[in-house]
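Just the one chain here, the form predicted on its own, laid out as structure tokens.
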Amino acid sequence: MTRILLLLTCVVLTVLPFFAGRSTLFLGMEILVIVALSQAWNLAAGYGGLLSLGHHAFVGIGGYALYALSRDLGIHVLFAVPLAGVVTGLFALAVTPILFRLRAVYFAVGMWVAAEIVRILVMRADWLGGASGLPLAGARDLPRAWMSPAAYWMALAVALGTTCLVWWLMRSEFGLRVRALRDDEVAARSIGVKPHRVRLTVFVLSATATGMAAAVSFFSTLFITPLGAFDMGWVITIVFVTVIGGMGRLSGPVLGAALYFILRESLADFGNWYLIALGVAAILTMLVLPGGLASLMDPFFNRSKTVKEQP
């Protein structure tokens, strides 16, 4: 039954552009991008134990990679989106020799410093538009009427792809190594887990997914600036969604994103009051449900497992 519901949900989401208006598609794209970004951050922090406060570096790099690839190399935007993820992953691979020397809170701060350094470098790069930013030259690759549906479908593909990737990884032998390393590094080493290799894989995959999701987001805006691309608000939203939904749980980012957008849209007419509502919701959730909203499903899944195990 669960698989049927998931399949029907995917079908409905896929055909939505044929029935929904432009504003609905834009909101849907926003939700899917946040789900993808949160799943990517959850992979690194929730499963891999790599608490990052600098994932907005990957957001900015993914966005600028899309614009640079489509403008300088003439790559079609639909192909530039996954390539933007590859560029972001290569950047993550390049900075690991320095960042992986840090642990826990020092790694989190190190990531934030790296993000700020990249932001400053981009602001000083004239070929990237400097502080003024860049327009999306590849926007002409698609008819104007298809821009919103294309952005939505790409966001759906990235969100589903990232979620399926996390699901597959955590069900594999590699996922067992990731969890073992997160829970007890000494014990994990004793059974043959190679910490550097595991963390490197998780970190690069997380960065790649983040870069692709960011590329989709900035594809829809048709313009990018350093302040918008490397805004700390990206990380704040991602952390809120993941923590409220449930870190280290596949459904966590989905449930967290649902709560975030419900509060944001329902309180849109009250200015920044929705930020206060988000703060209150975060505090209450952490006090009442330390495992996040996803922990509410634990009794259901435990009961289902018990029924299946009965002869």
Partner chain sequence: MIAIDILINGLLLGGLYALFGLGLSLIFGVMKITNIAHGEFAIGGAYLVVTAVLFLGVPLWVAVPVALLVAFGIGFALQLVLINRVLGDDPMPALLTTFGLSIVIQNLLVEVFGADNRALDIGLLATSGISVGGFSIGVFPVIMFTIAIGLFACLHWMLNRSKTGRNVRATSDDPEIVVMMGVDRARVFAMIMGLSAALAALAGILLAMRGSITPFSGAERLLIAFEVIVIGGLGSIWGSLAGGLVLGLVHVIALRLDPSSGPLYGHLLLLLILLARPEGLAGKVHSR
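The term rigid core refers to the most C-alpha atoms you can superpose between the two forms while keeping them within 1.5 Å. Numbering follows the first chain given and starts at 1. On a predicted model such as this, the values are computed, not experimentally measured, just so you know.
Quick note: we don't show the form predicted in complex with the partner chain, though the next part is all about it.
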| item | value |
| --- | --- |
| Partner proximity in the predicted complex: Ile283 to the partner chain, non-hydrogen atom cutoff 4.5 Å | yes |
| Ala68: touches the partner chain in the predicted complex, heavy atom cutoff 4.5 angstroms | no |
| Contact label in the predicted complex: Phe91 to the partner chain, heavy atom within 4.5 Å | no |
| Residue contact check: Tyr106 to the partner chain in the predicted complex, 4.5 Å heavy atom | yes |
| Candidate site Met147, Trp153 and Leu293: all three near the partner chain in the predicted complex by heavy atom within 4.5 Å | no |
| Residue (of Arg124, Arg197, Arg140, Arg189) lying close to the partner chain in the predicted complex, criterion heavy atoms within 4.5 Å | Arg124 |
| Listed residue that, although the partner chain is not shown, lies within 4.5 Å of it in the predicted complex (heavy atoms), from Leu250, Val243, Leu259, Ile31 | Val243 |
| Contact stretch among 228 to 236, 69 to 77, 210 to 218, 82 to 90 - heavy atom within 4.5 Å of the partner chain in the predicted complex | 228 to 236 |
| Heavy atom contacts to the partner chain in the predicted complex at 4.5 Å, residues of 248 to 282 in sequence order | Phe270, Gly271, Asn272, Trp273, Leu275, Ile276, Gly279, Val280 |
| Rigid core fit then Ala281 CA moved by 2 Å or more between this form and the one not shown | yes |
